[in-house]
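One chain is shown next in structure tokens, namely the form predicted on its own.
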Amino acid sequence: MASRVIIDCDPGIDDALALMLACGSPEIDLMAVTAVCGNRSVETTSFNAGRILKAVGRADLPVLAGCALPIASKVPRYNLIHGEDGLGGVELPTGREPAEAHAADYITRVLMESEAGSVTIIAIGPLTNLAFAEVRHPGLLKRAASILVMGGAAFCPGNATPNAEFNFHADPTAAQIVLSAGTNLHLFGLDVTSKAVMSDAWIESFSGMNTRCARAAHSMLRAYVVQEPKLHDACPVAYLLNPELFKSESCFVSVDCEPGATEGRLLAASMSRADPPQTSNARVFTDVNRERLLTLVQGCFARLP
């Protein structure tokens, strides 16, 4: 039976790959895509989500725009490595307009109306939409089967600052709200995603698939303004498809929300320590079988139009 999934994202090139991966996987019943301010403004990220769904032949899926600003700030923190439009300037068809409902309201309604434990949320942008829903309805996120988050850097340096990964740095307050919500939490931070490196040869393989999605993925990856591009946002989607690809450890986690040099830092204490400070509240993923991951993603793209 396919997993019922909501993907909350901020497309973003790596978000686009994650969405395409989900749409190319019959094991995933994608219910909707919710968008948040992150890589670009929420107007741009929701527009991009619609474009991606149109490209993969899933324009039937609803797209819902969410929070335009972080929980505790009036200034968004954008990420410019994805280009001005968020997708490297790659031409994609225009998708459907976002629904009128707010993303947080949609997430709330689905979790409230569904049987507890029947919906998985994959969150691959700043966690503002999820935190907003949780603040308005305390205990809501516990109704999810699990929340798979791309965010944080537990045991390695950050990429937005030396201490913080971009998604958590973009809205540290939201990250702390979600991490403390008592849900079944899986964190795919830089500890694992930094190992999901895409080689030049692997990227070039998409140019030979002769499908519009593969060509779009190839063009986006070639426009990615980073050295050694990585499959950051695809990791939680791939975990849902094949958990055996990944290794993790049980940890107690929190986020530094204080302004300053360490803002957005993920604080993690492994339960393998002799004196763990508290009980575990998350699985922190630390390793991935890179070759098998790349093969899985490539196979899913081969099924897309």
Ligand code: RIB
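Predicted model, so just to flag it, every value in this text is computed and none were measured. In case it trips you up, residue 1 is the first one in the sequence shown, and so on.
The discussion below concerns the form predicted in complex with alpha-D-ribofuranose, not included here.
Undergrad: May I ask whether N39, E165 and L190 each come within 4.5 Å of alpha-D-ribofuranose in the predicted complex, counting any non-hydrogen atom?
TA: All of them do, each having a heavy atom within 4.5 Å of the partner.
Undergrad: Identify which of A133, L179, C235, I124 has a heavy atom within 4.5 Å of alpha-D-ribofuranose in the predicted complex; exactly one of them does.
TA: The residue from A133, L179, C235, I124 that makes the contact is I124.
Undergrad: Looking at T120, N159, T108, T183, which has any heavy atom no more than 4.5 Å from alpha-D-ribofuranose in the predicted complex?
TA: By the 4.5 Å criterion, the partner-contacting residue is N159.
Undergrad: Which among 7-15, 293-301, 21-29, 279-287 is in contact with alpha-D-ribofuranose in the predicted complex, heavy atoms within 4.5 angstroms?
TA: That would be stretch 7-15.
Undergrad: So in the predicted complex, does any heavy atom of A216 sit within 4.5 Å of alpha-D-ribofuranose?
TA: No, A216 is distant from the partner.
Undergrad: Wondering, does A174 line up within 4.5 Å of alpha-D-ribofuranose in the predicted complex on heavy atoms?
TA: No.
Undergrad: M150 versus alpha-D-ribofuranose, in the predicted complex: is there a non-hydrogen atom within 4.5 Å?
TA: Yes, M150 lies within 4.5 Å of alpha-D-ribofuranose in the predicted complex.
Undergrad: For a quick check, can you give me the residues of 21-37 that have a heavy atom within 4.5 Å of alpha-D-ribofuranose in the predicted complex?
TA: Sequence-ordered list is empty.
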